[in-house]
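Quick heads-up: it's one chain on its own, the form predicted alone, in structure tokens.
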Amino acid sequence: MTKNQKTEELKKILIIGSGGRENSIAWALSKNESIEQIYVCPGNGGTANFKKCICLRPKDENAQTIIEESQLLGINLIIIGPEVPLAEGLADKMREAGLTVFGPGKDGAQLEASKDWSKALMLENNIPTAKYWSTNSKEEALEILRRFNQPLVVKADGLAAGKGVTVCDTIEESEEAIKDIFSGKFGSAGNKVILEEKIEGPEVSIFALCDGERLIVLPPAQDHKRLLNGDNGPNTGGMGAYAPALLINEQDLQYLTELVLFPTLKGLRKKNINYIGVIYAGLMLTSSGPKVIEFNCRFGDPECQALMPLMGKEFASVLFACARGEIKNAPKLTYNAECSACIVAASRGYPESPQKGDKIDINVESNSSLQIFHAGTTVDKFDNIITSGGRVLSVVAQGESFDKAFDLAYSNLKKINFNGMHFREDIGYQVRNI
């Protein structure tokens, strides 16, 4: 650690990404009064709605250009939001250029970028997970299915924007999913396929901020992956979330930290991986105990949108300390004790072929207990907000109970409209009186 690094103040932050996750992180960081400017590259149609936040859109978005812009602007901390640039090694290139980065290098990002690699890490470190088979052959996959003679969960090994997992109810559905992946549905992400024993139970997400050696565990959250009410329809990137998840209490969270998070960090260190960033464990609470469904190497989306309003104003300083390998010097992270509810509004046709280019009418503004986090939005030449992606925006609200938080979120969602707007009406059904 250089002398300059130790004395450097956190004044300027760059967030890489354009989704709701990055929009909510920018909003949370803006609460830190010492921060002067937050750049989001490339950002979206809602980036500039928050104080201190502006889009950074260099002439091109290759790593070297962004590095040069960061150096020119005097960026103190870079936060890489999405998994793809992490898997491609953007954090490594930035660190080599002397920049301070929150986000794992390419080696650590394998935790998400390869389900096969991640599963092997779990087995090596006695982290509970479902039984699985790994194959790069359609014929072998179908033979495994035939031998097992039960429906299997079918997963593309690589990154597929949260859509590479098919949870099958019948053997025929598993066969179809195997054929789909090997026919190229997810491109090179499906060159290898993971077949997984189907396990049952409620799901919960836990997150840890890591500095390579230590970690800080955040409140748990619960995502809603299916497109339609009642957890029906195809898997999506996520249609809503809430935090803190009541499925686990403080004692459970400590148990899961020791069962899953500490062994994961230890396993990464055994591989000489200096993991700086978020470890996100997606868990299923089965009748035989908790099991890891997947790991992600970044904040979940939309769980991040539900979590960010619960973060204290020290959050920026904590991320800065993590990025420098100095969690021990970070201020204590405080949390808002309220309940936080997030509902995603998506475009018609999402997730397969989302409709884009529709004008969005938003008749509500963000405040301390209600936030509109943009995702798939842009601004046209007439300053209209226009849809530009599948998940368009999230309405997030906080209240003293989940009923109050969701009532506030849903009532304000009615003040937003665009052609083909779709959202689930039962987000948080696990904790709501509906």
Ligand code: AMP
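When you see a residue number, it is the position in the sequence shown, counting from 1. Note that this is a predicted model, so its numbers are computed, not measured.
There is also a form predicted in complex with this ligand; it is not shown, and the following applies to it.
The candidate spot formed by E338, E400 and A409 is out of contact with this ligand in the model of the complex: none of the three has a heavy atom within 4.5 Å. Here the chain stands by itself, but in the model of the complex one stretch of 313-321, 164-172, 245-253, 179-187, 164-172, has heavy atoms within 4.5 Å of this ligand. Under a 4.5 angstroms non-hydrogen atom cutoff, this ligand in the model of the complex lacks K93 among its neighbouring residues. Contact annotation for E213: none of its heavy atoms lies within 4.5 Å of this ligand in the model of the complex. When contacts are judged by a 4.5 Å heavy atom cut-off, L261 does not count as touching this ligand in the model of the complex. Within 4.5 Å of any heavy atom of this ligand in the model of the complex lies no heavy atom of L265. This chain appears without its partner; in the model of the complex, the one residue of M284, I327, M122, A113 with a heavy atom within 4.5 Å of this ligand is M284. Of the candidates L333, V84, L73, I199, I199 is the one whose heavy atoms come within 4.5 Å of this ligand in the model of the complex; the others do not.
Of the residues in 140-160, those that come within 4.5 Å of this ligand in the model of the complex through at least one heavy atom are, in sequence order, V153, K155.
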